[in-house]
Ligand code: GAL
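What follows is a single chain, given as structure tokens, in the form predicted on its own.
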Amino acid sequence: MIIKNPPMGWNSWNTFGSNIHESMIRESADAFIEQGLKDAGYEYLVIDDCWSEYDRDPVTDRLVASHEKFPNGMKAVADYVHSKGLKFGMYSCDGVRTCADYPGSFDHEFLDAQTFAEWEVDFLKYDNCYRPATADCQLLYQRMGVALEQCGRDILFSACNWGTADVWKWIRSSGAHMYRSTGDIQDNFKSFTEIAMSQQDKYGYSAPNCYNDIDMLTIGMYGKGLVGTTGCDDTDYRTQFVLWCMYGAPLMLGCDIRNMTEETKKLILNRDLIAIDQDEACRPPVWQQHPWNANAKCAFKHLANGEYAMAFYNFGDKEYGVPAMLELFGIPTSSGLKVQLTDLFTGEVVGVYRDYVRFQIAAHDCKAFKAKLVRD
């Protein structure tokens, strides 16, 4: 199974946590279509932890969907999601129990993979809680990778070990298609910027068919839900989305997609930004920062068509001028080239620059551009 672009979809955890049930999942599948998410490229609807009964079936040893939350069973839920032209995802864990203390897949990998295949699951998020101290993390992800490959169905393998054991160095060999490289995100500016910056020197490991997952987006949560904490405003969320797109990270929404504001929809449906995220070259950005202000940064990303993307960030609490010396992005004056910038939010060509470019950026905000090189 080859995943050619960073996966895009929605996961239940950030907003709903354990408060999941069949009618909410059906409503979310409906919202995928009604809100235009499917048309924009989002395709996976993933149910996270807390979906099962507290114990396995005593006769078959199989996982069992919660009779209260999913009275018609998981196959019926999958069928409904598929009827919308979407793909259906579920959750398990490499430990004896999941993070919320439901049955994990430790020593049941092949049985559980077969169960997921029979339910017609398309995506498995595989967590890392309650793993016995005697068990090797790398081996357990290898085991589930083989189990999924042999289950008779194409299932995207989303490894979620939180960046432990230098996961970026070995996870591709396990068969995983995406891998969590950080701890859990919270809905505040400090959390998502620290997560993004922690991966500056590690994103070179991310490539087609195995993508660095810096966790689910909190865009549109506004402090609500399980990871709500202080919440963010639309400026913060704009910066979050640009960071994820410049990295080429999986775009897994975490808000209640049934009730999104117009600003949220406008941002996550921005086709120009999504195109940057989904660029088939999947190259990490090059970074530079202001000589004496670490909160002022610029990123430069090679695209597959010979053009580039540039993003200017102000992670500080006051407006600031964020510069970029084009020499540091491989475009010296002697090249005879200038950079033409087109705003990815407005579509406006803002100018043509040689040597140096600088933008005033409001606190916590960013500007993002398509960059085309032109001759003098």
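If you're wondering where the values come from, they're calculated on a predicted model, not measured in any experiment. Heads up: residue numbers just count along the shown sequence, starting at 1.
The next section is about a form of this same protein that is not shown, the form predicted in complex with the ligand.
- Remark: of stretches 303 to 311, 316 to 324, 44 to 52, 336 to 344, the one touching the ligand in the predicted bound form is 44 to 52 (heavy atom within 4.5 Å).
- Taken together, Phe192, Trp244 and Leu253 are entirely out of contact with the ligand in the predicted bound form: none brings a heavy atom within 4.5 Å.
- Taking Tyr203, Tyr91, Phe88, Phe157 one by one, only a single residue has any non-hydrogen atom within 4.5 Å of the ligand in the predicted bound form, and it is Tyr91.
- Taking Ala113, Met216, Ala196, Val167 one by one, only a single residue has any non-hydrogen atom within 4.5 Å of the ligand in the predicted bound form, and it is Met216.
- In the predicted bound form, Ala117 stays away from the ligand, with no heavy atom inside 4.5 Å.
- Among heavy atoms of Asp127, some come within 4.5 Å of the ligand in the predicted bound form.
- In the predicted bound form, Asp184 approaches the ligand with a heavy atom inside 4.5 Å.
- Within 4.5 Å of some heavy atom of the ligand in the predicted bound form lies at least one heavy atom of Trp162.
- Using a 4.5 Å cut-off on any heavy atom, the residues of 86 to 108 that reach the ligand in the predicted bound form are, in sequence order, Tyr91, Cys99, Ala100.
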